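Next up: just one chain, as structure tokens, the form predicted alone.
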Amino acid sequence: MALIELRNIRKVFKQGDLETEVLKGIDLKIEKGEFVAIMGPSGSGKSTLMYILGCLDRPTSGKYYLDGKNVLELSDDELSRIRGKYVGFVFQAFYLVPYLSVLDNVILPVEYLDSRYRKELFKDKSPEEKGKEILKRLGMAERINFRPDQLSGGQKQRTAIARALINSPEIILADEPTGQLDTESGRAVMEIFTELNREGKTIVVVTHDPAVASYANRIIKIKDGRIE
């Protein structure tokens, strides 16, 4: 059974009487432990697809199975719990809270976890201890008390990756993760994803950059809302 399975996923955005079909019948399977790149030009539907994969948006029609569960039958609260347990997000714009320290940004997702899952996940060490361990691994041990405006772009993205890992998710979804980084920082970030994939994480990277996609084991190309 695939970890992720989409069947005939369609997404239509409505504005007044105007309808725009962004996804036009997507069928896709991603196995546990894969490293997949979803490539496409601007407007192809790749970011919309990522939001659906991450349970941040619902399709207009179709079926989506995540680890065997039909997520489209779940309530918003159940979706939130699934998202907290299964998915870690990394975005091009980082989305760090400016007035929080690096460590506090990393442990922020813990606040939104289902209480039972949170207790199970952090029974051996506190979120702060785990957050410090992850940041140390990512070369950020000396920056834990810094605020985002005191960090370089590469350091901000490492913080965002640490935040994505704090809940021990099965899947890391990254939307243009190197888009605001210089070449060296971008390479370092992609090497982190490669290492996480070797350790068993399922990685899905959305990108328009062939150099980023080259790190993946499989490349899926999307154009005009369809997989080519």
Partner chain sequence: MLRLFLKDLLSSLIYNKLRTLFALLGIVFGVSSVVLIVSAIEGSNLQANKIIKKLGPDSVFIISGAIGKGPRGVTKNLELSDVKEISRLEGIFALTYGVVKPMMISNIRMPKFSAVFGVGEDWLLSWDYRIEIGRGFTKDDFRNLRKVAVVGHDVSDFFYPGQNPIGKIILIGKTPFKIIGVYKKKGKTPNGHNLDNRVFIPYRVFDKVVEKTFNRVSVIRFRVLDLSQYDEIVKETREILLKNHKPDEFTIITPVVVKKFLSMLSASFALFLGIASTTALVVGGFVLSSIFYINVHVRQWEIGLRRAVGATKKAVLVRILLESLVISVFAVVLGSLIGYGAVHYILPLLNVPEVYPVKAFVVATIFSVFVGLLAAYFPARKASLLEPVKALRTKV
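Treat the numbers as computed from the prediction; the structure is a model and nothing was measured. Positions refer to the first chain, counted from 1.
FYI, the form predicted in complex with the partner chain isn't displayed, but the following is about it.
Enquirer: Residue-level question: is D104 within 4.5 Å of the partner chain in the predicted complex, judged on heavy atoms?
Expert: Yes, contact at 4.5 Å.
Enquirer: Is D57 close to the partner chain in the predicted complex, meaning a heavy atom pair under 4.5 Å apart or at it?
Expert: Heavy-atom contact with the partner chain at 4.5 Å: present for D57.
Enquirer: Going by a heavy atom distance of 4.5 Å, is L74 a contact of the partner chain in the predicted complex?
Expert: No, L74 stays farther than 4.5 Å from the partner chain in the predicted complex.
Enquirer: Heavy atom to heavy atom, is D124 within 4.5 Å of the partner chain in the predicted complex?
Expert: Judged by the heavy-atom cut-off of 4.5 Å, D124 is well away from the partner chain in the predicted complex.
Enquirer: Which one of these stretches, 40-48, 25-33, 189-197, 60-68, sits within 4.5 Å of the partner chain in the predicted complex when only heavy atoms are counted?
Expert: One stretch meets the cut-off, namely 40-48.
Enquirer: What residues of 91-114, in sequence order, lie within 4.5 Å of the partner chain in the predicted complex by heavy atom?
Expert: If the 4.5 Å heavy-atom criterion is applied to the partner chain in the predicted complex, 91-114 yields F91, A93, Y95, L96, V97, P98, Y99, L100, D104, I107, L108, P109, V110, E111, Y112.
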